[in-house]
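In the block that follows, a single chain appears as structure tokens, in the form predicted on its own.
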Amino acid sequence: MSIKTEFTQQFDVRYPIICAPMFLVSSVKMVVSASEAGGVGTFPALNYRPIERYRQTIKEIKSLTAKPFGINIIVQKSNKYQYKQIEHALEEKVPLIITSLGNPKEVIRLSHEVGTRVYCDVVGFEQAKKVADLGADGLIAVGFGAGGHAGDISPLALIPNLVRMVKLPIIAAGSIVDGAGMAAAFALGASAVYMGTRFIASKEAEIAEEYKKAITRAVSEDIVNTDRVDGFPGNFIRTKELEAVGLEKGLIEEILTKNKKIKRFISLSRAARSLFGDMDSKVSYKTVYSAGHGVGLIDTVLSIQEIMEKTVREYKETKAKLP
């Protein structure tokens, strides 16, 4: 059983399902399991530091699977590791690079020289047009309701508009945790789905059991959007630990952030500390849990293989029931 889309044809995989790259969650085991199960496993480059460990991780994944996988790289000045991350990914001929933030022009140029495809995270139409014109091979449409750093446009508007704007595969991201969500994404014109939150509640996820329990217990109303964790607005499960970070702006910050330059400086400062600083100094994913609005539909911890097969089965059942 397989599903044929432009995405599956590009990468020669059975299922149009990407196990999304998740900061401090995605691991070698998750990447390999997702790719071996018929989808595409991915991980954020920043999960593995120093740079020598990152390169060794790529080699380890390649030794464990011959299937396609991807790496998410932040191509913004604040990521001082980006050039080495790109260099090693291309030297190892990683099949897919997913860019976030910043300008992907140079990554696209260098990647195409070695046959690596580049998909770019986009949250709006102007950004999508820019990266498409730069030669991106596909777009990740990060809609409202996605875990982590989400956009603020509904997937119901974002995906079909992108399909109309650009002739590229569009990957739907945001609250997709099952086959019904995948069917809806395909109805809107998507070529594959980006699933993160669902895979956090997997047997292969090497995270604290409390994180998995938080996913299976939470409902959509438990998700809070805040920039207090790392400087960029993101979706997290409301917990005492998250509230301790401070979800509301103080009066001084409220006044200062009315100035766009100051607001950007504060955001980048937080990001530098959280994403690029000492790994031991970060807000721990063991106590602050990133998740999307789809948590209310997740009530079991399954293997990645089971999640893939269940999603595809539900997709086919949903399609058959449509009027």
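All of these numbers come straight from a predicted model, not from anything done at the bench. In case it trips you up, residue 1 is the first one in the sequence shown, and so on.
The protein also exists as the form predicted together with a small molecule; that form is not presented, and the subsequent description refers to it.
Under a 4.5 angstroms non-hydrogen atom cutoff, the small molecule in the model of the complex lacks I170 among its neighbouring residues. Although the partner is absent here, V13 is not a contact residue: none of its heavy atoms lies within 4.5 angstroms of the small molecule in the model of the complex. Although the partner is absent here, G138 is not a contact residue: none of its heavy atoms lies within 4.5 angstroms of the small molecule in the model of the complex. With a 4.5 Å cutoff on heavy atoms, Y211 counts as touching the small molecule in the model of the complex. Annotated contacts: G38, G181 and T311 are all free of the small molecule in the model of the complex [non-hydrogen atom within 4.5 angstroms]. Comparing 105-113, 80-88, 219-227, 189-197 against the small molecule in the model of the complex, the single stretch with non-hydrogen atoms within 4.5 angstroms of it is 189-197.
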